[in-house]
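The chain below stands alone and is given as C-alpha cells, in the form predicted on its own.
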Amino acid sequence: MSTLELDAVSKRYDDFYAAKRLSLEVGFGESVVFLGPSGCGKTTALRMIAGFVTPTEGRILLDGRDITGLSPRLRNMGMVFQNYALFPSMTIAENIAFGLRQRRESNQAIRQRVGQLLELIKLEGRGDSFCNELSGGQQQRVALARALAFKPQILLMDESLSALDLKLREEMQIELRRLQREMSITMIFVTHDQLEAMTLADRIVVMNGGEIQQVGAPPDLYGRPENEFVASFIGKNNLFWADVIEARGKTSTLRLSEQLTVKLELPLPVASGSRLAFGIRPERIRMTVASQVSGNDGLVGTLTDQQFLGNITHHFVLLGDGKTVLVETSGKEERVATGSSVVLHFDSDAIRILDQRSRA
C-alpha cells in the first residue's frame, strides 16, 4: 500500500486552476520531488498535502485513510519551510523539542529524542546555543531535526535549501539524502532547481500550468522525456520542429525551415506530410570542422561562441536558418576556432521524438 495517494486532486480559485487533477502514489520511504517553474502548482500541491490548503476536488489518502478535510496538526507530517521558521528566543534543543512538548511527551522522552537528533545533525554539545549563533546550514539542520522530532509519517520540504549559497546547498543536498535514507522516511520536496531534484529524488514529478507533465526516475526523465516541456526543463536540450517532406522507413527528409532541409535517420518511422518535434541532447552531438568532412551529411553551421566550464565545453553553432544549436564536449577535446564552419552529426538513437501531428 502507498503511504500517500493523491486522487484527482485540484485547487481552483474562481476560473483559475492552481493545481488540476493531480494523481500520484508515493511509497513508504520514497523521496519524491515536485519540480517546475514558478507558478506551476508545486507549492499548492505540497500545501494541500500538508493541510494548509483545502482541495476543491479530489481526495488525499494517507495509508488508505481519507485525510482531505483533516487539519494539519492531525496529519502526522513534518514540514520544513523555506525560511526555516525557527524560534529565535529558544535554544537549539528547545526548538527541536517544540513539537514534542505540544504533544505532551515526558521530559525524559524529550531529552532522549533531542539528544538523538543533535547527534544525527552533527550538533551534539550545541543544544544550549541559540539559533542566531549558527550558520545557515546549521540552522537548516535544526529546522530539519525539529520536523523529524515527533517521527512523522511524511517529511514535507518547500524550497528548504534555496536560502543557502551554492556550495553549502550542494553539501546539504547530500546530507539530506543521507538522513532520509538512514531514517527510511517518506519525503516530498518542492524545488524549481532541476539539479537539486535529480540529486534528491527517487522519482521526480514535473509540473507546468498546474498539471503533472511526467513522473519518473531522474534517468528516465532525462533520457525519455514525454513532451517538449519536459525535454527543455530537465537538462539542456536542442529542440526542433520540422515538416516531414518524405519518409522511407526510418530515413526521412525534414524541412527545418525555408532555408534548411536535412535527411536524417530517425529512431522510429514517421508519416510523410506530418509535422514533427524532436530533441537532441548537446552531449550526443559530434562537431567536426567542415573542411575535414566529405559529403553533405549533417547540419552545417558556424561556431559563434564557446564556454569553457572545466570538465566540459559548450559550443554554440548557428545554423543557416538562424537557429543556434548547443554542443557539449569533454573539456579535454581539441578546441575548434570560433568562427569556423562546422558540421554536426548525431546517431538516430540520440533523437527523441516528442510530438508528431498532421501538418495544417
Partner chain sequence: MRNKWEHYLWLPLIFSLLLLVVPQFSFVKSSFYADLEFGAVSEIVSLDSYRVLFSEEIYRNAFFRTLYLSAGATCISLILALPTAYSMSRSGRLVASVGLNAIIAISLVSISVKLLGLNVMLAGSGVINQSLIALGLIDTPIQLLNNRIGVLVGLVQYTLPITILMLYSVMSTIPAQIEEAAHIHGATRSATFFRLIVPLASGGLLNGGLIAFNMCMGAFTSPLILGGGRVLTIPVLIQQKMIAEAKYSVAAALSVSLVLFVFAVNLFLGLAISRRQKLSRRRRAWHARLQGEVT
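Since the model is a prediction, treat every value here as computed from it, not as a measurement. Positions refer to the first chain, counted from 1.
Absent from the display: the form predicted in complex with the partner chain. The rest refers to it.
Q: Have a look at 312 to 320, 299 to 307, 32 to 40, 46 to 54 and name the one stretch with heavy atoms inside 4.5 Å of the partner chain in the model of the complex.
A: The contacting stretch here is 46 to 54.
Q: Quick one: from S184, N132, Q259, Q108, grab the residue that has a heavy atom within 4.5 Å of the partner chain in the model of the complex.
A: For this set of options, the contacting one is N132.
Q: Taking 4.5 Å between heavy atoms as the contact cutoff, choose which of R248, K167, R73, K122 touches the partner chain in the model of the complex.
A: The residue from R248, K167, R73, K122 that makes the contact is R73.
Q: Counting heavy atoms only and using a 4.5 Å cut-off, do N237, F240 and T253 all touch the partner chain in the model of the complex?
A: No, none of the three is in contact.
Q: State yes or no: in the model of the complex, is some non-hydrogen atom of M79 no more than 4.5 angstroms from a non-hydrogen atom of the partner chain?
A: Yes, contact at 4.5 Å.
Q: Applying a 4.5 Å heavy atom distance criterion, does A85 contact the partner chain in the model of the complex?
A: Yes, contact at 4.5 Å.
Q: Are any of the heavy atoms in A277 no more than 4.5 Å from a heavy atom of the partner chain in the model of the complex?
A: Heavy-atom contact with the partner chain at 4.5 Å: absent for A277.
Q: State yes or no: in the model of the complex, is some non-hydrogen atom of M90 no more than 4.5 angstroms from a non-hydrogen atom of the partner chain?
A: Yes.
Q: Going through 90 to 123, which residues have a heavy atom within 4.5 Å of the partner chain in the model of the complex? Please give them in sequence order.
A: Residues within 4.5 Å: M90, F98, G99, R101, Q102, R103.
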